[in-house]
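Here's a solo chain for you in structure tokens, the form predicted on its own.
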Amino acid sequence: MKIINIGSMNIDRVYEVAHFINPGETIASKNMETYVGGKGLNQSVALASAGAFVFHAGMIGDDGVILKNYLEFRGVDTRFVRTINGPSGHAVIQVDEDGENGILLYGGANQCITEAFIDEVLDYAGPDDILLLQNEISGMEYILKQASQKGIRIALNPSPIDDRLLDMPLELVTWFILNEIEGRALTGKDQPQEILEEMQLKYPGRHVVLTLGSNGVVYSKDRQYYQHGIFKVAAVDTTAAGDTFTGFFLAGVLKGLKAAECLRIASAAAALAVSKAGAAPSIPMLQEVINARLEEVPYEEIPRG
């Protein structure tokens, strides 16, 4: 079994700032670094780092060879990474003194995914495989419908959430991996338990993984329910934490691990990613996660509010 990720690839320009810039304000950044990133690329790197057999599919521009090279360096199959004329996707990222981030995206080549390209990629997938999607590329609705017709199981990280995505046939998704903002947009509910219950009503029988930031993560499917707390680390940069979690969780699914164990490994991997700067370069290898001695905060002890 393999995972095919039709996803974005971005060149990230990360600026260290005292605080997020306000309207009309000009501030000087303390530092600027250039990294490879994009939710799709990050999640493919996380999948490969967790030991999954992953193919990345997507478009880069004339400036994007660094993106393809990095995927290959981290063990991702790039036979479906294609180069087109024009710029690659890129992101301008602010990281404040607490390690929180704010991101401005430019789609670039990520918005040039064609139906012919999608058909070519999906012809390589079988019903035992998993297709992973985010919402940073074009062609999303076509991908969902074609993959479903072929019997391919779909995992969706609905980020960034927008009205266009909400109108798509999301009932075709098998795994939803989302945060509270995305959960609220999909359900109209605010509390984690309400979000999970509404997701099961709207999409019965689906796996729903709801990440809660410093409050851990919860999972539900039918009558199954699991939760996991966070691991204590000094936060440096949260940019790829969610992508790391997604990749390690789905890698666990592919290996046949139970949901509770997938949550544990993915939470530990995300904690290690938060402790380093950058997006994809902060994603740990599986052995690092296994060897890490992290202190867990049990879910029940996490402060609310």
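On a predicted model such as this, the values are computed, not experimentally measured, just so you know. Note that residue numbering follows the sequence shown and begins at 1.
Missing here is the form predicted in complex with ligand RIB; even so, the following discussion is about that form.
Chemist: I'd like to know whether Gly37 contacts ligand RIB in the predicted complex, with contact meaning heavy atoms within 4.5 angstroms.
Modeler: Yes, contact at 4.5 Å.
Chemist: Please run the contact check for Ile93 against ligand RIB in the predicted complex: heavy atoms, 4.5 angstroms, yes or no?
Modeler: Yes.
Chemist: So, Leu170 and ligand RIB: in the predicted complex, are they within 4.5 Å at any heavy atom pair?
Modeler: Close contact is absent here: in the predicted complex, Leu170 is far from ligand RIB, nothing within 4.5 Å, heavy atoms only.
Chemist: Please run the contact check for Glu136 against ligand RIB in the predicted complex: heavy atoms, 4.5 angstroms, yes or no?
Modeler: So Glu136 counts as contacting ligand RIB.
Chemist: If we take heavy atoms and a 4.5 Å cut-off, which stretch out of 68-76, 175-183, 139-147, 103-111 is in contact with ligand RIB in the predicted complex?
Modeler: Comparing against ligand RIB in the predicted complex, the contact stretch is 103-111.
Chemist: Please pick, from Ala48, Ile60, Ala279, Ala266, the one residue with any non-hydrogen atom lying within 4.5 angstroms of ligand RIB in the predicted complex.
Modeler: Looking at Ala48, Ile60, Ala279, Ala266 one by one, just Ala279 meets the 4.5 Å heavy-atom criterion.
Chemist: Listed by sequence position, which residues of 231-260 have a non-hydrogen atom within 4.5 angstroms of ligand RIB in the predicted complex?
Modeler: In sequence order, Thr239, Ala240, Asp243 come within 4.5 Å of the partner.
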